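First, one chain by itself: the form predicted on its own, in structure tokens.
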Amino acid sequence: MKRERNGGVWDFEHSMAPASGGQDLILGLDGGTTSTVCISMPIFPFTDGVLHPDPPVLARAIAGCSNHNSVGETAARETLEHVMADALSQSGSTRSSVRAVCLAVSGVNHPTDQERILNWLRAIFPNEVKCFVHNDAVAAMASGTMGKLHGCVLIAGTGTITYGYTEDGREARAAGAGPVLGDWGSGYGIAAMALTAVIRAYDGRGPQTLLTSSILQALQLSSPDELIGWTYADPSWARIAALVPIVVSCAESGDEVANGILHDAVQELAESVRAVVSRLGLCGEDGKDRCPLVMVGGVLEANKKWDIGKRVISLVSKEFPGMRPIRPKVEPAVGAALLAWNFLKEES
């Protein structure tokens, strides 16, 4: 077995008998800015070439952020290793039972990122284990298409990114560059705009807004001045993005500033989808070719009056009537496992 390190994370294997004729497993991992989920799934036979619509999950483990751009590479790797070990421990299995691992992690934006994580992953698992590393958008896509990479996926959670894939292997992306470079439309982007609006209203540069009292009350602060200290005491992306429900609530109450922020978010998200679909020609020249649009992330979940996802679809469909929105029935970590299953099937 490979290395033993990281605070004895694999110590549980010492009490287990080596796998012999046991169940072969796939590990699928979805790593984001807010949380990281790893599932273990049994390998299905490749004979019929069809996946079960509701594949069984043997174990599910969850941990914190694994985006190296947010928490640093060392902390991200520790999170990834712990959550994989936890999923295997819950399954009553060891690394000897694993046939494939698919990590889909936010922050994997360049082939050098991919290769670096692959080398690290191969040092953990036995040589015969197939290892795959992708951006988390890939798992999100696969969760809606049951492991097939074709169409477009829009993720809008703490961060946002749009990816597109053609059947002949071409791909394109838009947004996903992080908050410094304009992650507008994301949970962080919406909340950051709301905080900015509160400060602008306080110092006279902007209109008064219900966001002021609502955010101060939620954070138990007495003055907008205190928002500066609160924000920079811990400017983690997920902590800021957690304010999005307040923005939605204020918009539903009729606050013009909050409504404007959400309208801008819808425009940004729709524009990122339009950019990817146009570059890849996913809906054909007239925009009517059928193409799945997988929609993932808390920002896109339906609200009472303000349904950001529905409004994005409405805008995109005007230009691309062939787009078919999909709300995945399985989580992205399962999508990552299904990707690995398809990779193994192609190699069999």
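Worth saying up front: this structure is predicted, and the values here are computed from it rather than measured. Under this definition, the rigid core comprises the largest set of C-alpha atoms superposing within 1.5 Å between the forms. Note that residue numbering begins at 1 and tracks the sequence as displayed.
This next part talks about the form predicted together with a further copy of the same chain, which is not shown.
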Exercise for the section: Decide yes or no: are P179, I199 and I240 jointly within 4.5 Å of a further copy of the same chain in the model of the complex, with each residue judged by its heavy atoms? Expected result: yes
Problem - The single option of R99, H134, R77, R173 touching a further copy of the same chain in the model of the complex, heavy atom within 4.5 Å - result: R173
Fill in the blank from the handout: Exactly one of L216, V71, L195, V266 comes within 4.5 Å of a further copy of the same chain in the model of the complex through a heavy atom, and that residue is L195
Problem - Non-hydrogen atom contact A85 with a further copy of the same chain in the model of the complex at 4.5 angstroms - result: no
Handout entry: a further copy of the same chain contact at F125 in the model of the complex, heavy atom, 4.5 Å
Key = no
Exercise for the section: Report whether the minimum heavy atom distance between R274 and a further copy of the same chain in the model of the complex is within 4.5 Å. Expected result: yes
Exercise for the section: Look up in the model of the complex whether T231 has a non-hydrogen atom within 4.5 angstroms of a further copy of the same chain, and give yes or no. Expected result: yes
Handout entry: Per-stretch contact check against a further copy of the same chain in the model of the complex, the hit in 183-191, 112-120, 141-149, 88-96 (non-hydrogen atom, 4.5 angstroms)
Key = 183-191
Completion exercise
Within 201-224, the residues having any heavy atom within 4.5 Å of a further copy of the same chain in the model of the complex are Y202, D203, G204, R205
Problem - Threshold 2 Å Cα movement between this form and the one not shown for Q208, core superposed - result: no
Exercise for the section: Superpose the two forms on their rigid core, then report whether the C-alpha of N109 is displaced by 2 angstroms or more between this form and the one not shown. Expected result: yes
